[in-house]
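Next up is one chain by itself, shown in structure tokens, the form predicted on its own.
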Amino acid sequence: MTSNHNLTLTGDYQAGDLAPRMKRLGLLLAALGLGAGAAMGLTGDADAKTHFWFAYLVAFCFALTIGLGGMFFILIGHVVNTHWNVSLRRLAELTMGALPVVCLFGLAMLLPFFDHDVEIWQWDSINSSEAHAGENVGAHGGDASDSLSDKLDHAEHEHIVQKKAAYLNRNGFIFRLLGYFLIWAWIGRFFLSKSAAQDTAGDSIDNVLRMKKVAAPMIFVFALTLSFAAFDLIMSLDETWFSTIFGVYIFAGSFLAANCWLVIMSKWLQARGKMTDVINTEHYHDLGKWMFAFTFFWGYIAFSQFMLIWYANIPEETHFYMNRTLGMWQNYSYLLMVGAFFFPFLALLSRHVKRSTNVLCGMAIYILAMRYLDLYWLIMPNYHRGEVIDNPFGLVEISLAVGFIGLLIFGIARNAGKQSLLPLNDPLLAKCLGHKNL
């Protein structure tokens, strides 16, 4: 039994034996998923290896965006002094705390730079001396100009990429990627450690004030690192394409994914007797409102990006959408529009859906699948550079996605056994538990 001011808590807020069990499950999923994906992809020819690394990037970005969405959930909560999400905060902190594990395996994305059979970011080969000598041929059968429309010839394509060489170069890419990962790891460790220390600090609010002071500047750091990481990891796959709102697009999907993940975590824990008296229908309702809001916001940003590019009709921009209207990618585009926007938008309009925890959890699982589809749609058309090919989705993609979800679970469970699942002495906890939606 724990006291928080005049609040008496009698529930189970410790992970207990769930933590080691979930660590083992996460490791098993990671080993099986990543191992099977590597066995299928890395033992084949150059095309199979290239397919593997593109699928690996999709799975990595999927797990990464969930963790980064959890980071924003923490930062914005401290900045605006919100109270309704205090009972959910530790779950978001644990999700954010899994980022070092995910990012460690994300470093594997640097290996294609040193494998002559694989070419993921073609700006690297274009900026090399061999590319300047006219030897820039992709490992999977097409040269760098395949990704553009016929309006942009090969010479103009190389000229555009060379203009970006001061930013798009191998050393800069590696340095920035390491920088992003270290910054995110520090933010996650800082807020998780300070929040956990608060559990045993009685009525002291020193840690609360410290977290609030740090959260405000970290909002800007988060925005910059997420945006530039999105530019580097995803947008630069198509080295001549650019969008000024691409970082916002990825942010919208990240925060949406994190809210879905929190719904699933909460339901899973409560089904095992944890947190049953501190996460109630009101908290699920608010998570549902965030899911609805960011479904709409993501759709708004996606349409804005498309509309501005379509209206300007600049070849360096329009080929991004042209490649996604060819062959099977057109079907993916329609599926994304209907499945990731219209259906969840209409479903989450209902108050009853947001207050029915089982239905909301089902919607959360569905939307997470759509988040994966969105990243797949962004990344995979760059495999074979927009050529009309058979659907590449298969066991490699499924295995790697399972592997990275396993890493995320392992990273969460690794920290979950070290502190309470609830910020016990937060001064806003009593107000959180008394929260009511109008």
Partner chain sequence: MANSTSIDHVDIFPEALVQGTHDFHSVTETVCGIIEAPKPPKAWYIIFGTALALLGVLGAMIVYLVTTGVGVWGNNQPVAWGWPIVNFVFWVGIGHAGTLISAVLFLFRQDWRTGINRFSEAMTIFAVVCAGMFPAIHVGRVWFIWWVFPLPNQMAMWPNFRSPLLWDVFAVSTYFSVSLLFWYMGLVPDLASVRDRAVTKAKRFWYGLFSLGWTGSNRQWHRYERAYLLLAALATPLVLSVHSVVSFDFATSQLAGWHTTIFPPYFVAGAIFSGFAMVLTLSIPARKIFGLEELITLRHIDNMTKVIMATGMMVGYAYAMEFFMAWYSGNMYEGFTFINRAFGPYAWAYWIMVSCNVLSPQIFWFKKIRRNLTVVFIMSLFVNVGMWFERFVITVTSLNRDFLPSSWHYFTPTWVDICTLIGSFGLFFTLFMLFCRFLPQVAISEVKNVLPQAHPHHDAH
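Owing to the predicted nature of the structure, the values given are computational and were not obtained by experimental measurement. Numbering follows the first chain given and starts at 1.
In what follows, reference is made to the form predicted together with its partner chain, a form of this protein that is not presented.
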query	finding
Distance check, residue 331 to its partner chain in the predicted complex, heavy atom within 4.5 Å	no
Residue contact check: residue 304 to its partner chain in the predicted complex, 4.5 Å heavy atom	yes
Residue 417, heavy atom within 4.5 angstroms of its partner chain in the predicted complex	no
Contact of residue 296 with its partner chain in the predicted complex (heavy atom, 4.5 Å)	yes
Check all three, 206, 308 and 428, heavy atom within 4.5 Å of its partner chain in the predicted complex	yes
Contact residue in the predicted complex, chosen from 217, 179, 172, 273 - any heavy atom within 4.5 Å of its partner chain	217
The unique member of 127, 357, 227, 280 whose heavy atoms fall within 4.5 Å of its partner chain in the predicted complex	227
Among 92-100, 238-246, 264-272, 189-197, the region lying within 4.5 Å of its partner chain in the predicted complex by heavy atom distance	238-246
Sequence-ordered residues of 306-326 touching its partner chain in the predicted complex, heavy atom within 4.5 Å	307, 308, 309, 311, 312, 313, 314, 316, 317
